[in-house]
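Quick setup: one chain, the form predicted alone, written in C-alpha cells, and binding and motion questions come after.
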Amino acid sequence: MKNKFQKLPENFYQRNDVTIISKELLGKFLISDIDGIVTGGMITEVEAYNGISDKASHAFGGRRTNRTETMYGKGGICYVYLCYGIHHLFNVVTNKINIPHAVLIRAIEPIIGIDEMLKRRKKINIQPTLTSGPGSMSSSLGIKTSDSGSDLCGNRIYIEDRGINISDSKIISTKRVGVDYAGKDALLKYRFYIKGNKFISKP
C-alpha cells in the first residue's frame, strides 16, 4: 500500500537558518525501517548546532575529522555519533555542502511500532523515558553510528510531514543540554521543544 504521507524533500533541509529548520521539525515524524521493522514517532524536542561559528558544534572552527566529515555533506543526510561510548546520537544535517549545520533530535513521542521500541529498550510499559533523551530515542528506533551519512530521502531513515503544525506559542526555547564547555554559546536558546508534551528529556 502506498504511503499517504510525504517525506520531507531535500530542499527542506538545505535552507540557511538551522534554528528555523529545527523548530519546523517539531511535529514531524521520524521513521526508521530497520530489517523490515518500522518504528517511529513525532519529533518533540530538538537542538540546533550552527556549524563553524558555534563553539558547541563538533565542526566549530572548521574542524574536520573522519567522524565529523558527514556534517559537511549536503543537507538531508544524517550524522550519527557515539556519546560516552554508549549512546548513538542522531542528527539531521542541514544547509549546503561544506556548511556543517546540524539538528540533534533529542526526543520523539512514540507512535509506530511501539512493541518493537519496548523490546529494543528492554521496557514493559510506555513511559517518557522510552524515547526521550537522544540516546534513548536512537535506541528505540534501532539507529546506530553505522547509519551516519544515510539519505533522509531514502527508505531506511526518513522524516514525514503528517500535517501537524506546531505554532510558535507551543514552542519553548531554552539553552542546550550538556554544552557548558561552549562559553557564551552555551547560553544560546537553541533547544526547542513542544510545550506540555511529556516525551521531553530532562536537562
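Owing to the predicted nature of the structure, the values given are computational and were not obtained by experimental measurement. All residue numbers are counted from 1 along the displayed sequence.
Separately, the form predicted in complex with the DNA exists; it is not shown, and the next lines address it.
- This chain is displayed alone, yet in the model of the complex one of Gly62, Gly163, Gly154, Gly178 has a heavy atom within 4.5 Å of the DNA; that residue is Gly178.
- Contact annotation: Asn95 falls outside 4.5 Å of the DNA in the model of the complex, judged by heavy atom distances.
- Interface membership of Ala56, defined by any non-hydrogen atom within 4.5 Å of the DNA in the model of the complex, is confirmed.
- Using a 4.5 Å cutoff between non-hydrogen atoms, His87 counts as a contact of the DNA in the model of the complex.
- Using a 4.5 angstroms threshold between heavy atoms, Ser148 stays clear of the DNA in the model of the complex.
- Heavy atoms within 4.5 Å of the DNA in the model of the complex belong, among the stretches 167 to 175, 154 to 162, 30 to 38, 48 to 56, to residues of 48 to 56.
- In the model of the complex, every residue of the candidate spot (Thr68, Met71 and Tyr79) has a heavy atom lying within 4.5 Å of the DNA.
- Along 110 to 126, a single residue, Arg121, places a heavy atom within 4.5 Å of the DNA in the model of the complex.
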